[in-house]
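Only one chain is given next, in structure tokens, and it is the form predicted on its own.
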Amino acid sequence: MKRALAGRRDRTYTLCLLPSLVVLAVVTLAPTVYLVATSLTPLDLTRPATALDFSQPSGNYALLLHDDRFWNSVWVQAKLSAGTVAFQLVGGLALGLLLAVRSGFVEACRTLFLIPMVLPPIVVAIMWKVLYTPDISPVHSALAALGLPIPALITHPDWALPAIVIADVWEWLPFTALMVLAALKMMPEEALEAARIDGAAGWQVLRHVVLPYLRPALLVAGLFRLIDSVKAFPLIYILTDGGPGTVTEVTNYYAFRQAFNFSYLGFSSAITLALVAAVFLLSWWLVRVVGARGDVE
């Protein structure tokens, strides 16, 4: 009787989940299959017949191996991701620890820290475009009045990429801080009290108790920010358009140009698929190396 009821319950759960699974498959699985199939063809919108040309399925990937511009975009992407993730984790940890302080003023300011994260990315990009444009930027005007003029960062080869890193860190720093704050709120007080009873100083408590406990939260935040750093399209599109030259042309922006500027959808699909595979492998490696458990020393 119990087995019959359990089987009937499982079938009911399956039927209830079936519509959602079908929608999920249509929304995610079907585009992924089409992306993989397209990457195996030399699809060119000026030659529609190439959509079904599977005579050289590895042709696009062979081109990638010898494409200097593709490898340059990978290097630019690596620098952008490393810079944004590192600064957001360190800054988010510091901000999260600050917001965890029991203070009426800090609690009142918590909502203000979330504003950059909830703004649409295109709005953030336009805001920073204004700040980075010398003719209309209040920052440039104030620095010039103080006798400290700075160049137009987004048009300077040495400063264009750091300018994008600054804008991205400002936008998503509250996300990491929020993850840290949530983990701190769930941290058991017994571990902190035991460390203090043993005579541990503030820095020792942070190093041997708090940071090990926060490791899973920091890992999750880092993975989210790593994935989102690969999608930093609005900032690059509005601020630099991949320039000057190819200084800020990351991999997904290079794929965008190949698809929409030159109509090479097959080659663009291969770039995108290689990028997705690289992010997946890097995320898997980070989880294996860092680990997802929080162990208090």
Partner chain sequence: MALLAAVVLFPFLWLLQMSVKPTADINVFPPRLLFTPTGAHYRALWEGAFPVSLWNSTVVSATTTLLALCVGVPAAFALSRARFRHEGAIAFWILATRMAPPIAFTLPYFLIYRHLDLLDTRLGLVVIYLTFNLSLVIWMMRSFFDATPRSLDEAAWIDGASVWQGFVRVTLPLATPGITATAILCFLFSWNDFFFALILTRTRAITAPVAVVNFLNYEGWEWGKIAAGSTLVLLPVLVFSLLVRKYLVGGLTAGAVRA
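Only the largest set of C-alpha atoms that superpose within 1.5 Å between the two forms is called the rigid core. What you see is a predicted model, and the numbers here were worked out from it, not measured in a lab. Numbering follows the first chain given and starts at 1.
Only in words, not in the display: the form predicted in complex with the partner chain, which the text now covers.
Although the partner is absent here, residue 238 is a contact residue: one of its heavy atoms lies within 4.5 angstroms of the partner chain in the model of the complex. Using a 4.5 Å cutoff between non-hydrogen atoms, residue 212 does not count as a contact of the partner chain in the model of the complex. The partner chain in the model of the complex is approached by residue 116, whose closest heavy atom lies within 4.5 angstroms of it.
Interface residue remark: residue 135 is counted as part of the site for the partner chain in the model of the complex, having a heavy atom within 4.5 Å. This chain is displayed without the partner chain, yet in the model of the complex the stretch 93 to 101 from 187 to 195, 80 to 88, 203 to 211, 93 to 101 comes within 4.5 Å of it by heavy atoms. No member of the trio 40, 163 and 165 reaches the partner chain in the model of the complex with any non-hydrogen atom inside 4.5 Å. Counting a residue when any of its non-hydrogen atoms is within 4.5 Å of the partner chain in the model of the complex, the hits in 108 to 127 run 109, 111, 112, 113, 114, 115, 116, 117, 118, 119, 120, 121, 122, 123, 126, 127. Superposition of the core reveals a Cα shift of 2 Å or more for residue 279 between the shown form and the other one.
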